[in-house]
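First comes one chain, alone, set out as structure tokens in the form predicted on its own.
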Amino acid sequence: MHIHVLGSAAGGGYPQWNCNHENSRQARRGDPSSLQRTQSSIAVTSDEERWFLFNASPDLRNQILETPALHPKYGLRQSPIQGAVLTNADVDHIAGLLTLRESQPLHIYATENVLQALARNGIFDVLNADFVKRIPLVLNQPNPLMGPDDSDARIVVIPFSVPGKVALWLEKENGEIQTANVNEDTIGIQICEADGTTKAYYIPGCASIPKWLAARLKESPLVLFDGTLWVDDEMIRSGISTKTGKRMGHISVSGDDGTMAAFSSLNVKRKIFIHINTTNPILRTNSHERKEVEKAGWEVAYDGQEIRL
């Protein structure tokens, strides 16, 4: 199996378009210690021919341009992209679907909650239903990924709910906001070979790591995990926002109740932070925080990163 990191930043990318935080200023200057990043998404294949997107970011067009494996190979209209698997309805995970609107056959896989959110927003009807099939994911069960010609892509995903919340743009219609619900609004994905062998977990958004989730991830070969913020009040300290990470449905990287502490005894073979906010100091290779995560055995994802399993 081959995983290609299309984008590694959180919503807005790195640097965000209107952010003047020191991190963003460094990235905008082209500082080699602060590589620019697009919004979070990965592409996965088992045969180097058929690829599936895991989330479709607003930066998808440029991400495809930067990834020759995703370029058309045959005829006048063709794409190796067979479909997209969505982990939630956040704008940074679904807006890229609009880039795929040119009557190109593909499948969209998501939970019923997320598919209903797409159905209620008429702009996604530009994805012609004659070509684009929307397929509900069955939680906690193996879901084989199929090409639009119904061929077996030899990738199986097992979706499962993780603590999180409804997408920001859906908050008003959902009344009281719960920031760590375990339902169909935010999921993690267990990515397996056709024979059921687990190759990776992809969890770009997660509000906490309860014992049951830690047990599930224990001794995994690879986990790509939510690295949005270093500390919960990071954006408040920076004067960038009034929201905490918890309010946005994201666990912090550091601290006694953070991701590094939760993973310290799980013996995960390879751990990679992804979906990293523009204010997070781990984006800078020369920061103390970056050295701390690397000392703990973590990697920080970057655009174009290749992972072969």
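As the structure is a computational prediction, the values presented were derived from the model and not from experiment. In this text, residue numbers run from 1 along the sequence as written.
Beyond what is shown, the protein has a form predicted in complex with a further copy of the same chain; the following relates to that form.
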query	finding
is_contact(Leu213, a further copy of the same chain) in the predicted complex, heavy atom dist at most 4.5 Å	no
Residue contact check: Arg101 to a further copy of the same chain in the predicted complex, 4.5 Å heavy atom	yes
Heavy atom of Thr278 within 4.5 Å of a further copy of the same chain in the predicted complex	yes
Contact test in the predicted complex: Lys218 vs a further copy of the same chain, heavy atoms, 4.5 Å	no
Residues Tyr14, Gln39 and Leu65 all lining a further copy of the same chain in the predicted complex, heavy atom within 4.5 Å	yes
Partner-proximal stretch of 157 to 165, 122 to 130, 201 to 209, 184 to 192 relative to a further copy of the same chain in the predicted complex, 4.5 angstroms, heavy atom	122 to 130
a further copy of the same chain: the contacting residue among Ala180, Ile135, Leu139, Ala95 in the predicted complex [heavy atom, 4.5 Å]	Ala95
In the predicted complex: members of 73 to 92 within 4.5 Å of a further copy of the same chain, any heavy atom	Lys73, Tyr74, Gly75, Leu76, Arg77, Gln78, Ser79, Ile81, Val91, Asp92
